[in-house]
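A single chain comes next, written as structure tokens; it is the form predicted on its own.
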Amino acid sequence: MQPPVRRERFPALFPGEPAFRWTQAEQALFQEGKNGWADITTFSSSMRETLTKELPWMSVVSDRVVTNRAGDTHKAVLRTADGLRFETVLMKNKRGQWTICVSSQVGCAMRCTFCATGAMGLTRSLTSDEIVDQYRFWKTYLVEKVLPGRISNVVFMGMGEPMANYENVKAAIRTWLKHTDLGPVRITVSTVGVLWQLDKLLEDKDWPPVRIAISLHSANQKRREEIIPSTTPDFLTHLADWARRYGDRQGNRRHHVTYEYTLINGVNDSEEHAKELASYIRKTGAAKINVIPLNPVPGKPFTAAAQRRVDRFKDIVSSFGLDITQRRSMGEDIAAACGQLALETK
């Protein structure tokens, strides 16, 4: 069971206070140099005492943080109030700022065959506070470690399936957009494609205009079912229809759908697979393709495609007039790269 969140606990603690008091409290959580409720002088001493006793300043605490050899990737194991652990990652990006890879669940139920998190199964979804506080944790970490730069991007590519935790993910994003300098196009929600939730997103006026990335991994229905056992029947047909509707309603130059494609040696990296992918993507409307060489996971039989095969794959897809890029792998030496998050630290 998920713990109660701050926005619910606060009015219960102070039923006679006006609504703007919660807004003040939420703003305080993001103020520089504030380390607890005792620092918030806009509240009376009695309110501060009650908050300190009844409402944790942070919903998660750090078990440990490890840094890779290059010093550009940091992975934290965070612990929730009920003792569960999950991982989140801080990465230096190409602009010299920082991207955080946040988790939306403890474990994952999607069972992607190449992914370490999928092998864990699902324990529970994270609350909106536990998602929000991953940003707050890393912001404090940058200050404490005197690391230059700011958090400029957030990607939901950590543990869990964000669309299976729709309301908490939405609430967390709306909180960041309200209280940080993050813009909506600097936040990406990556999903394997929970179609009924993606349909809901199109009709939800409260869903923030963030970027959407679909973890595709194959443009062949049968092969995708083998790679992602949770794939629904006729998924690719329905996804193409959804992508076109997304483009009509929410798409623009900066809100195209991104398709993520992990290249697995001998599984989905042949020239024929590349042509199959390109032909499919052309049916879905404006899109970008991001290929990801497989990151090794202990106990999994899969290996990464050789770079020459990756390059050939990209060349073929590009020849169809499609925008395709290759994601830079970061943090592999501390099991912090894509598909490796499973509470293991090398």
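Here the structure is a predicted model, which means the values were calculated and not measured. Residue numbers here begin at 1 and follow the sequence given.
What comes next is about the form predicted in complex with a small molecule, which does not appear here.
Novice: Of these, 273 to 281, 25 to 33, 38 to 46, 289 to 297, which stretch puts a heavy atom within 4.5 angstroms of the small molecule in the predicted complex?
Specialist: Stretch with heavy atoms near the partner: 289 to 297.
Novice: So, residue 231 and the small molecule: in the predicted complex, are they within 4.5 Å at any heavy atom pair?
Specialist: Because no heavy atom of residue 231 falls inside 4.5 Å of the small molecule in the predicted complex, the answer is no.
Novice: Does residue 157 reach the small molecule in the predicted complex, with heavy atoms at most 4.5 Å apart?
Specialist: Because a heavy atom of residue 157 falls inside 4.5 Å of the small molecule in the predicted complex, the answer is yes.
Novice: Within 4.5 Å, heavy atoms only: does residue 75 come near the small molecule in the predicted complex?
Specialist: Contact with the small molecule, no.
Novice: Does any heavy atom of residue 190 come within 4.5 Å of a heavy atom of the small molecule in the predicted complex?
Specialist: Yes, residue 190 sits close enough to the small molecule in the predicted complex that at least one of its heavy atoms falls within 4.5 Å.
Novice: Ok, 166, 246, 138, 114: which has a heavy atom sitting within 4.5 Å of the small molecule in the predicted complex?
Specialist: Here the answer is residue option 114.
Novice: Name the residue from 87, 161, 130, 269 that puts a heavy atom within 4.5 Å of the small molecule in the predicted complex.
Specialist: Looking at 87, 161, 130, 269 one by one, just 161 meets the 4.5 Å heavy-atom criterion.
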